[in-house]
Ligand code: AMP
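Take a look at this one chain, the form predicted alone, written out in C-alpha cells.
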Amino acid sequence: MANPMFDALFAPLAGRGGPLLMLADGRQIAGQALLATIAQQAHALASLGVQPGDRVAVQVAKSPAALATYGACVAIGAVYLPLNTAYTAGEIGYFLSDATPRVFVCDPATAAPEGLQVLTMDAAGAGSLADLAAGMPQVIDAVARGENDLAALLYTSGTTGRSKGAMLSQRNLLSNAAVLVDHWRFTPDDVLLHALPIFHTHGLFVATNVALLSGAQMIFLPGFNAAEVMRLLPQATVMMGVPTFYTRLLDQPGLAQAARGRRLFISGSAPLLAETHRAWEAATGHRILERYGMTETNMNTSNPYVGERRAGTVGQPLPGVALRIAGEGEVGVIEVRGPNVFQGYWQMPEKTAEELGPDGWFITGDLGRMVDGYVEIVGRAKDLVITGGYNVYPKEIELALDALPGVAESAVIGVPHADMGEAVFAVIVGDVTAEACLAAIAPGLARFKQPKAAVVVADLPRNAMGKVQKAVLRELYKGWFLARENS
C-alpha cells in the first residue's frame, strides 16, 4: 500500500539536486536537501509517539523548515494542523483542546498550554524540533496510507461562531492539485513567487502543492513585502496572491517592467474588485486569473488560462467539480460536489450533516449567480467576512464589543476595501466612542480580526421579527473606505 501524497509531492525530490526553494537572501535549497530534512523531522515526530491519524498542530513562522514539517507529517501519516501565527493564546487554546494533537510545534516565545508535548521552531527553523531531528536518519520509508485517510485538519469559521475543523483527505488535496497543475499549465520550467502564508489553504495546498506536483521551483518568501516582490518578480514565471498583493504592487514604480514576460498572475482568497482587475491590466498588460475556493473544498472554479478572464467573476467550475446554483442569472446558494470536497467537520456530525449531504453536495453558504457559464460571487449566506484572504466570523467580534461597559449592542459587517478586498467594520450602539471600543477589544483578537473602523449609532436597523438587517448596514456603509481612499 502506497502513500499517495508523499509519493506524488515529496518522493520525487530525491532526484532533484538542483534548487527547489530560492530564498530572499539568495540562498538556495535543493529538493534533495528538503527531503532529507523532511525525513529527519518525520523520525523525530515518530520518536515522540506520533502515529498515523494523530494530529500535529503547527503555529510557526514560514520557513523551509516549516514546510518540511508538513512533508514530515505526510510521511508518517499524521494529520497536519496548521494554525495562523496571528492567533492569540485564547484562540489557540480552543483549537488545541478540540483537536487534541499529539505534538504542538510553536515559536519558542509561545506560552504553550500545559499537558502537551511541545517542540519549538523559530523563524530561522531553529529550535527543539531541529535539535531532535539533527541526529535522525535522512531517509525514510513513508507510512502506507489510503486516499481516503485524513491528511490535514483546517479550522474555519462557522455559523455559530465556533470554529469548525475541516477534515481533508489525501484524495481531496492531491486530486485538486493535479487539476490545477493541468488547468494553469504548470511545468518544471515554472518558478512560482510564493509570498503567501503556509498556514492557509491558498499558500499550502494550492501554491505549494501545485509547485511540488509540477516540479516547479519556488521563490520562497517569509511574507509579502512589496519592494521584495518587485525585486524578485523578474525571476519568476507565476505569482499567486490575494487582492491585497495586487493593490499594493500597483503603487510600486517600475511595475510594468517587472511584470513583463511573466506567464501568469493568479488571485484568490478574497474578492478581487473589478477596478483592481482593470487597473492591473492597464499597468502590466496582464489579466489576473481569479479563482474561487474555500477551506472545505480547496479550489472549485477558475477563470480560464486560455480564453476570457472576466473581471468580477471567479470563472467556471474546474474539471471534475460539479457546481449548482439557481437558474441562469438567478442568485442562490452555491453547492459543489467532487473529489476535492472535504470529509466533514471534526467531531461535529450534526454540523457535517447540515452542510454536506449524503449525495456529496456541499452547501458552501456563498451566494452567487451563473452568467454565461461564469460564476459571480455576490455575498455570503453564512455572514462571513473575508479580509485579506482570512475568514472572520462577526459574532466573535460582536461578543467582545457587547461585553464592554457602555455598549448596548453591535453589528459587525464586511465592507469593500481596495486593499483588503473586504474590511471588518463595526456598528455600535451605546454611550461610547468608536476609538475606545476598538482599542479595548484589540488585545484579545488576532490582528486580521480587528475592525479597521467603527461608528457609533443610535440604533440598528431591524426587520419585523426584530432581527438586525445586516444587508441594510452593508449597503449604508459600502462606500466608507472607498470614499476615504479617493478623497
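Residue indices: 1-based, along the sequence shown. Computed from a predicted model, the values in this text were never measured in an experiment.
As for the form predicted together with adenosine monophosphate, it is not shown, yet the points below apply to it.
Per the 4.5 Å heavy atom criterion, adenosine monophosphate in the predicted complex is contacted by stretch 372-380, the sole one of 372-380, 71-79, 348-356, 408-416.
Residue contact with adenosine monophosphate in the predicted complex: P317 places no heavy atom within 4.5 Å of it. Using a 4.5 angstroms threshold between heavy atoms, R309 stays clear of adenosine monophosphate in the predicted complex. In the predicted complex, adenosine monophosphate stays beyond 4.5 Å of every heavy atom belonging to E398. Under a 4.5 angstroms non-hydrogen atom cutoff, adenosine monophosphate in the predicted complex lacks N209 among its neighbouring residues. Only one of S163, T295, S214, T120 lies close to adenosine monophosphate in the predicted complex, with a heavy atom inside 4.5 Å, and it is T295. Only one of T201, S302, T387, N176 lies close to adenosine monophosphate in the predicted complex, with a heavy atom inside 4.5 Å, and it is T201. Shown here without adenosine monophosphate, the chain has G268, S269, A270, P271, E290, R291, Y292, G293 in 262-293 lying with a heavy atom within 4.5 Å of that partner in the predicted complex. In summary, the C-alpha positions of E350 and K395 diverge in the predicted complex, ending up at least 3 angstroms farther from each other than in this conformation.
Note: the CA-CA distance for K395 and M299 contracts in the predicted complex relative to this form, by 3 angstroms or more.
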